[in-house]
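Read the single chain below, which is given as structure tokens and is the form predicted alone.
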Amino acid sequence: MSNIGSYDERVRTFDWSLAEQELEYTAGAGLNIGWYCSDRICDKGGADKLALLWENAQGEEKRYTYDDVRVYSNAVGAVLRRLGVERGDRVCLFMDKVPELYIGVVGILKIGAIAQPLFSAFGDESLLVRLSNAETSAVLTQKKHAFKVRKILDKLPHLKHIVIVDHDGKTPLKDREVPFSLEGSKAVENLECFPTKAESPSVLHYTSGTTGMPKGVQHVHYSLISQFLTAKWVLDLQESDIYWCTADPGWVTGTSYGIIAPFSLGVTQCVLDAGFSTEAWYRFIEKNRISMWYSAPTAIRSLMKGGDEIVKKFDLSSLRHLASVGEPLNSEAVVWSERVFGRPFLDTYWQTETGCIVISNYPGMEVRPGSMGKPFPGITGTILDPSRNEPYPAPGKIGLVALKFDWPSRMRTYWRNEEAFQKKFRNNWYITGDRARVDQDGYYWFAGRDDDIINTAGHLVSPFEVESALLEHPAVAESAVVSKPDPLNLEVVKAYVTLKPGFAASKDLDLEIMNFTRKRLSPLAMPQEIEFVDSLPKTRSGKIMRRLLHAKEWGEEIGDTSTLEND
């Protein structure tokens, strides 16, 4: 039987205190996510249980029990304390999906510091923006990524320490660098956890904005309450599960449901630190007898491309529950997974700002392929009329997805940007930035974004950030970035570029500009196509009209052009 049981009954009787009781937390008491994810599990008799099974592309494996997670996270916390890291200091984790990342987050939270995970594929420009804004005190990274930090070090006066987690003890260290080895460090049996409270800051995640640089989404230790219960009811995580969340902890899914939720539930989870390959993924599931699989629509569509026959080569009978996250899950993928795996992928909807799943499909509830599902019990959702900012009186109309801002894991603010935070609300409703409709039975159906953010393979890309990087190239005079439809990634980044005098459009320049942005930002933010144009559409006041370019790419009506500069 599923953990949630009857969805309707849960909605009728819901209270967040259900999670508090299970976690034995009482209002006003200390609440430290790091302790809950390690020490508490050990105290409850789970010390010898496998917590983390890690494998890399070469097939090398590492296994960690919950006692290992406890002791090693203590070691991370202890070394940071020795370096002078204090409560509230931001500590960035900039590395691949290695064990040090997962255990490092736990150690950082234990000492009351704020964990700032960043995607390891970020280039130095993306890294600089985020470290600078957060005034990060320390970075935990690998040798292979340390050069990016060194490159921008002179622009980061607040960054005191660069901890190299895989240092061999021989290579000379550079300025502000400190060597550290998880297995090679002295065992730290006891570490006094900082007595954080419910509202103490915990994790700082950066998300893309349409206008301006990325914003730091500030979460608190009380977010554990939502993450614990949603993982239990939506992902249906049970004590016997072998769980695989494919998301990178540089993104919120990989932290909320790839570290905090499974560890707080005492579940065994697997991590595959390797690129995508259909055969490798199926082999990983078969080998580890994975039972709960949380992945992304882009990956599911890639598996679909691999065909049905390849599935028959593997024993995937261990799978009992599948869920997807990051972008809308098309109905074909739901039908396909039911056919080849014997069960559908259940779509889940949430954001960096929400901290946990807010609308979802649930075990035991009718799945309507293509639907986002229904709001999680305890979360009030609605569809707002964009012109009146009031809920539509009847279902069926497309409007803004809005939520009552009152669940435990909601963001508390944008880091040092309260003004942007306040702009997320209309009539006391939190505006997600997405559009949808609700049917007669309360199921939500995604209709699109309400802004210019580009969702490529489940990762949100800011047009502004890409445009800023493009303008740094010596040949680029002006740029406008929009999404372009893509059958695999949902959307990809396309750039319209005007050139400075003396430069001519060519294939070589096209590739040069692409690589230029890739190195500064990330492979995901790199334009997949550049179109060189003589001029960009602008209003009379000089503002570039991205919507016209977007309409061109998506085959939409252009709409009113009365404010165009050359109209």
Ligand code: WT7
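In this text, residue numbers run from 1 along the sequence as written. Remember, it's a predicted structure, so these values are computed and weren't measured experimentally.
The following text describes the form predicted together with the ligand, which does not appear among the structures shown.
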query	finding
In the predicted complex, segment of 144-152, 67-75, 458-466, 308-316 with a heavy atom within 4.5 Å of the ligand	458-466
The ligand contact in the predicted complex: residue 246, any heavy atom under 4.5 Å	no
4.5 Å heavy atom contact, residue 327 to the ligand in the predicted complex	yes
Residue 133, heavy atom within 4.5 angstroms of the ligand in the predicted complex	no
Non-hydrogen atom contact residue 281 with the ligand in the predicted complex at 4.5 angstroms	no
The single option of 446, 407, 496, 429 touching the ligand in the predicted complex, heavy atom within 4.5 Å	446
Residue (of 337, 291, 295, 253) lying close to the ligand in the predicted complex, criterion heavy atoms within 4.5 Å	253
Residues within 4.5 Å of the ligand in the predicted complex, restricted to 343-377 and counted by heavy atom	347, 348, 349, 350, 351, 352, 353, 372
